[in-house]
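Presented below, as structure tokens, is a lone chain in the form predicted on its own.
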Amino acid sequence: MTNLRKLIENFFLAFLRFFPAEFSKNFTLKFLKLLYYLRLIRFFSAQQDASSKEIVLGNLFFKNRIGIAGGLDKNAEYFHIFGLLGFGFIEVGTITLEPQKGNPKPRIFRFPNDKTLVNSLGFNNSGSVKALKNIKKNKKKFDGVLGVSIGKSKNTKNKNAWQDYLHLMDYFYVVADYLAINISSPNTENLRELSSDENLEFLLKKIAQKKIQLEQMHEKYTPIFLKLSPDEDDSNLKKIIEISERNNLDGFICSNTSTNHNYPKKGGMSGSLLGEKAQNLQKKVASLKQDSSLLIASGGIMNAEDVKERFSNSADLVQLYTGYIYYGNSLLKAALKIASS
């Protein structure tokens, strides 16, 4: 049975490479939904071949420590299906207040020899109202931890970005198990300027105040993580960690995509060639952060050895994305074995 699953999966992955990357991504998601409705999704679950080790981090219970990074399930339509495939936590989004189409197509490019992707998506999503509706519908069918990545709209000026993030907290604080603050995507113009000293201090102070208000109102504590850019210089990274912890953020996601690449395409690079930068960022953050701050490893995780290295370098959790696109459930299975050892 295991060999049959692997054969089917390998054929499917090879088939998808004949089509443009964004089409293949959307086709795969819709195909997974079809398998779910036909009650066949568990046949492909990696949990059949790998045990899970449960863990409690902060106030959250994880059935295992392997998750999906933000960007795959943009509108919270599929997270319950990924849970059945074996992931312990799913981060949906990035979600903006209003629907937005993102940047012009084509905007995802494969470089299969390097096992990388370059994307310039630009927070394409259906908006907060639709995403909230999807979460309420699908969360009752999900037994994992749900993260919601939130970001400012393209047309919102940076000086008003805090308003977007606070409104999004109003939408998702209760239904999310954690929130991820995305100010590090390279595909929304000037977004990364929010990580400068003055901008970040102002933004995170507003978020911290809102968090206290929502916690008291709903009698629920929802952790908030900051997603970091792998392109930050050391001095600014140190300031980002200090400002974040001063404003009681709960941890960090290392990392987003990188613009530091040589491909002839505009956008952020993910996959194999991001691995070293993401790993180096993670080590720096681990050395700078307080012990109480959680650390989620993401970026360039392509095999079992990558997973093992991230855990050995202080990661509490690991997120897959591009590696999962290239290798499918075989990577998830390998990751679960490392996470449970």
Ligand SMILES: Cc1cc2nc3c(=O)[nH]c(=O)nc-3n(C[C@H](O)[C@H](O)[C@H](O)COP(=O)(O)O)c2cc1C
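Residue numbers run from 1 along the displayed sequence. Model, not experiment: these values are computed from the prediction.
Just so it is clear, the following notes concern the form predicted together with the named molecule, a form of the same protein that is not shown.
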Notebook entry, point to check: Applying a 4.5 Å heavy atom distance criterion, does N329 contact the named molecule in the model of the complex?
Noted result: no
Note to self: Whether S244 contacts the named molecule in the model of the complex should be assessed with a 4.5 Å heavy atom distance threshold; does it?
What the structure shows: no
Check: Is I301 close enough to touch the named molecule in the model of the complex, meaning at least one heavy atom pair within 4.5 Å?
Finding: yes
Notebook entry, point to check: Looking in the model of the complex, any heavy atom of S229 within 4.5 Å of the named molecule?
Noted result: no
Check: All three of T94, L117 and N256 touching the named molecule in the model of the complex at 4.5 Å, heavy atom to heavy atom?
Finding: yes
Next item on the list: May I ask you to choose, among V285, V307, A69, I296, the residue with a heavy atom within 4.5 Å of the named molecule in the model of the complex?
Entry: A69
Margin query: Within 4.5 Å, heavy atoms only, which of L274, L281, A315, A46 is in contact with the named molecule in the model of the complex?
Written below: L274
Next item on the list: Please determine, with the chain shown alone, which of 69 to 77, 203 to 211, 161 to 169, 97 to 105 has non-hydrogen atoms within 4.5 Å of the named molecule in the model of the complex.
Entry: 69 to 77
Notebook entry, point to check: What residues of 161 to 186, in sequence order, lie within 4.5 Å of the named molecule in the model of the complex by heavy atom?
Noted result: N182
